[in-house]
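We begin with a single chain expressed as structure tokens, specifically the form predicted alone.
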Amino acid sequence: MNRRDFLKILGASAAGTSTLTAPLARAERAPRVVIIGGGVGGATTAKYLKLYAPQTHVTIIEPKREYQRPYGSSEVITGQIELEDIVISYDDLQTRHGVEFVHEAVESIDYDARQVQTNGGTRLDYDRLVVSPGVSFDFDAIEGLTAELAETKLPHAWDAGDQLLVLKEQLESLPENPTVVIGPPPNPYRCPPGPYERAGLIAQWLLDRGDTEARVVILDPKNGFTTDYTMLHAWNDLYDFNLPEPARSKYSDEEWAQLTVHEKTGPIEWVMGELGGRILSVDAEAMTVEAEAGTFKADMINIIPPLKAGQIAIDQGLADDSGWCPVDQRTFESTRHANVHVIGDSCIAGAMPKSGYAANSQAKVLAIQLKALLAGNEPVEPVFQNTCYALAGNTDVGMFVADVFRMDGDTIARVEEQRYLPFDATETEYRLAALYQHNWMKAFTEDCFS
């Protein structure tokens, strides 16, 4: 670049709207990575990219000034923790790691010019763009369900925020021995054991209140869920829960024979998909839920709508007809737009679940891949991992799923190993899993944000 070109660019910059980028040719300045989304995926990518390649200029675009973690947030509803306990500051990312923040919303992305425009008039140039926007909700999939109702009478509370407090207030206002209907979403969705942990927590809360005849009905479009092998067994012991006959296939004959058949069942009912658990519609005024199995009258309804990629990913053309974002699963580079990487809940990542731990693992791999790509080197062969902890309801009874993932061709595949507590796990092992869950929550959050 000669002096005349340099001055010409300076003049263009001064005449434009506000911009945080220096008008230098990309080859003559430190690489720039812009990250859309300040959740687990975005924060972890920013932190580890600054650790691996400190010269990289990293900016996160995130409208909110604090993050509320959705993982473990169901305990806000049942009072084990308060809403402020899930609020996380971005201070460490800024002061310890040198990550810059723009607290505005993305308005558009110019993929040819490699530039992001915000609603505050900020323009950010990038060499590589990372999009980690979490999820959005498909309210149209269930008749009678709307985004407005989710803020008031039918909160899903699946993305933290004030809906947790609305649901908590509803729970505390329930009449004696109420019926609560919980509707988990179809696959794929964020936090696979989460809806079932929430059902257990609410059942335990009602029992602790003295509601011995309460019902917590799970209307499920699926025939199984992550940790079902352990969760159903724990419910059988804790809550006089009778496993539905189609669940027999999850256990060996010897294990099935050891499960108790209770004459009088407890609060939890699981209406699995093949027994008619799929929800067709909801009537917020009548407080009824219509499922394939029939109509259920409820005192509290908590339906988690089907999920899709984060809205910004859909609006900017990164998602396909499935509602999720296709990527090269080695580098998470979008197959629809070059130099753009989509990670976390929004991307299609083979056998990996949509969980905070998975987003964290993807982000660490992406930081390594970005360092290589920005230097003109080949990406590495990745290995991923995931662990999800969950409580059965009783907070001293925990469980987990733990997996390792490797590439199988162009797809991320799960390595076949034991992933749950064994069927004959002792009470001590269940207690240790609960203890690990609480310690993991703190350590994991620090790994992402501190």
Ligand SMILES: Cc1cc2nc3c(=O)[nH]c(=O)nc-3n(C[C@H](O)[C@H](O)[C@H](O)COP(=O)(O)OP(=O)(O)OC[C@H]3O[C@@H](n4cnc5c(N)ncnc54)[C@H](O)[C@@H]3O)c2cc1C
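From 1 onward, residues are counted along the sequence shown. Note that the coordinates shown come from a computational prediction; the quantities given were computed from them, not determined experimentally.
If you look for the form predicted in complex with the ligand, you will not find it shown, but the lines that follow are about it.
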Query raised in the report: Among 184, 134, 155, 267, which has any heavy atom within 4.5 Å of the ligand in the predicted complex?
Result: 134
Query raised in the report: Where does the ligand sit in the predicted complex: which of 353-361, 281-289, 93-101, 140-148, heavy atoms within 4.5 Å?
Result: 353-361
Query raised in the report: Might residue 305 be said to contact the ligand in the predicted complex, defining contact as any heavy atom within 4.5 Å?
Result: no
Query raised in the report: According to a 4.5 angstroms non-hydrogen atom cut-off, is residue 430 in contact with the ligand in the predicted complex?
Result: no
Report task. Mark residue 40 yes when one of its heavy atoms lies within 4.5 Å of a heavy atom of the ligand in the predicted complex, and no otherwise. Result -> yes
Query raised in the report: residue 371 near the ligand in the predicted complex, any heavy atom under 4.5 Å?
Result: no
Report task. Check each residue of 102-128 against the ligand in the predicted complex and list those with a heavy atom within 4.5 Å, in sequence order. Result -> 104, 105, 106
